[in-house]
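Here you get one chain, nothing else, as structure tokens; it is the form predicted on its own.
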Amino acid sequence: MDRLHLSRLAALPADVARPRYERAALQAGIVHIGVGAFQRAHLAVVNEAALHASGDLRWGTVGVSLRQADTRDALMPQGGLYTLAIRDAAADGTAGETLQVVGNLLDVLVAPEDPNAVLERIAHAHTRIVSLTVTEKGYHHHPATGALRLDDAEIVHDLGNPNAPRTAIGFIVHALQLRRQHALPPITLLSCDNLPANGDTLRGLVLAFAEQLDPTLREWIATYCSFPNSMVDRIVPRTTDADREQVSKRLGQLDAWPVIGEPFLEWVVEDRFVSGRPAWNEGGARFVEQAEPFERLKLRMVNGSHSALAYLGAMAGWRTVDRAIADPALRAYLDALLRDEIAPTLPALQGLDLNDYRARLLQRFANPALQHQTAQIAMDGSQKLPQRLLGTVRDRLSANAPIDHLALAVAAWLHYLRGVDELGASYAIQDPMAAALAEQLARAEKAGSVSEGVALFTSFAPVFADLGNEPRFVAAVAAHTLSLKQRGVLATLTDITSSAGAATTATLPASR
């Protein structure tokens, strides 16, 4: 089978969408750090629509891989082309798929092979935006406080090696120093990761790093560069060999690394771009003055419930999200979590019906065509819980409101950290704090009781900050941890949903 390539686009089936702009004229105005499945199924697709609609060809993308060459090695023999497969299922369960070949990825640089090439690309005159999807752990910050970890080995390395940085923060700051030295215009730094106030967070980290190098550089960045906050939302499962085979068969050409996505896509961005931007609104992006209400909505409703589902589902032995949510008790639990404990902490958004949003979200999770692995969502819990769940817990405690369902989600993470599910299958804990978490868990297991162990574990400040001092929180997590250990996921879910149902029935009026 021939490889997917620009020279073979005309041979694709008629129902496969493809680039319609003059690709040879495309300039690289965007450098994206952390080029991976999500970026290629979200940002790049919106950018593709903008190119088609506007004809402004200044906004091609150069991707940067901070660790491995696999994305480069798969895509560059294809000239950077790849396929997006949007998958959904009809009411009768029949799977459907639409394919689009995306063309705005012009090159992929592998940072460890040639860090200077990455620095020069960010410092290039054509570059106007540097965007990031490096996951929460890629920011080398304290999840509980948002502060740069100046004692982090990678950050220490980058401060001392301006020509060979390793982290996104290091590359950005050293490249901005080059732009300043070369009298080039400032640029926009756009975080698209699941962090609260992600642009503000990135700005704080960049300025903290720059302060260590040169206070005048810090001042230049703070004065002239922009850091818009943004919210991104699309479920993008990890691509499998079966996906490659299925997509290539439909194309009639070999695509070494297609990406899979759901039909839903949302992108809310603050319109603060110091050197221009693509017409991303043509691809469905919404430009706003303040993204924070939308960020909070997504982090708490989508990501918070996703993490709760992943830990409970993984421990029950349910490998995919759709399998997990097919269990009536888990679905009822998620529905109550979203409705009764998360939604009340959210600000009103004009035109948004939270009940409809909740129903559509549960429907998205139930999409059987995605085969989204619970283990994929369960990674890096130490980086995810503070913004996905613990902020909501704090708001509920401040309002003296119940936290029972939120506490179960946290207990499920502790349960998951054991490394063995309830069917006896073992798995590795993938987390940048895995060693520290294992040490904390071992100490907790040696405590005199589950309550004492949970109190010890939740004293781990890098994740929980001051929540370990909140007796209501510790007691609620301990109760659910004990239930999960002694009775398992299903019995615990059955209990909490039965209790919630009884409480709801007791508060209903006699008639309507």
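Residues carry their position along the shown sequence, with the first being 1. Predicted model only: the values in this text are computed from it and were never measured.
The form predicted in complex with a small molecule exists for this protein as well; it is not shown, and the discussion that follows is about that form.
Segments offered: 109-117, 412-420, 435-443, 227-235. Contacting the small molecule in the predicted bound form at heavy atom distances within 4.5 Å is 227-235. Using a 4.5 angstroms threshold between heavy atoms, residue 303 counts as touching the small molecule in the predicted bound form.
Residue 376 belongs to the set of residues with a heavy atom inside 4.5 Å of the small molecule in the predicted bound form.
The small molecule in the predicted bound form is approached by residue 194, whose closest heavy atom lies within 4.5 angstroms of it. Contact annotation: residue 296 falls outside 4.5 Å of the small molecule in the predicted bound form, judged by heavy atom distances. Interface residue among 121, 87, 388, 277 relative to the small molecule in the predicted bound form, by the heavy atom within 4.5 Å criterion: 388.
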